[in-house]
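We begin with a single chain expressed as structure tokens, specifically the form predicted alone.
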Amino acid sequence: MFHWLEKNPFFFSVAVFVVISFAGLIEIVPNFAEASRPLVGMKPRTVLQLAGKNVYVKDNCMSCHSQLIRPFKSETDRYGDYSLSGEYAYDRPFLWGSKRTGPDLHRIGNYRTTDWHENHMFNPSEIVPGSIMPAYKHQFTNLADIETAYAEAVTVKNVFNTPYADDLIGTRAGWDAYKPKVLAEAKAIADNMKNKDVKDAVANGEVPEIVAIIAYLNSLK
């Protein structure tokens, strides 16, 4: 058979291609699978952070911001450690983005504070002179859809076996029992904000979008 292949260049080339491709897959696929697993100690986002992620998507933040730091010195010097596949294991969908009108946000939780985000979202150009980012004042009055975020968490727990706590169960009673945890997390953020209307809303059991998106941005580390 091998003599036959040697006498037929086309089939010999095809055979070589198949063998090399198969060997390449055997070498590469396991590495990809290993790299895509969650990092050790990594936890899925909280319900409040998921609600903030949904605000981030709704307001189309990924049109101007990426969440993917490439392994180039120019990027790691500015944004921090380059992104690893395992960091996105619990993200659905991925928000890598493809354009940087504004800076990459994948490590923003390491160097920006709740107070900074509050002022920046209310009036970007006042905090960053020359910024073309629009103001997102509506986030201070619009309420985040926490129940949808809760349903999302329940779904990925049940369907994708995402390691949420056992008390996150997909029933109305489950939400009623879980809601105080969301409000406690929201209060911890609102306590570090200056806007009185936001503080009052959280105290009354409501979560403005600005609180949710700050929770999400603070989780990006």
Partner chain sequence: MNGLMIKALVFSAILMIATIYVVMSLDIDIFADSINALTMGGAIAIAVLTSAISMKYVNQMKTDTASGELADENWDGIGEYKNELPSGWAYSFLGTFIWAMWYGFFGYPVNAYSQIGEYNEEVLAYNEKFETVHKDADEATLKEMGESIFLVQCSQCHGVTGDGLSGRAQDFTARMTKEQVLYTIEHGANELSYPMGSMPPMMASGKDAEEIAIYVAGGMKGEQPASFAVCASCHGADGKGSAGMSPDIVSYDGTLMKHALGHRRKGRICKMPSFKTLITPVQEKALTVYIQSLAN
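Positions refer to the first chain, counted from 1. None of these values were measured; they are calculated from a predicted model.
Keep in mind the form predicted together with its partner chain is missing from the figure; the text below concerns it.
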Its partner chain contact in the predicted bound form: Asn195, any heavy atom under 4.5 Å: no
Residue contact check: Tyr79 to its partner chain in the predicted bound form, 4.5 Å heavy atom: yes
Sequence-ordered residues of 112-126 touching its partner chain in the predicted bound form, heavy atom within 4.5 Å: Arg112, Thr113, Asp115, Trp116, Asn119, Glu126
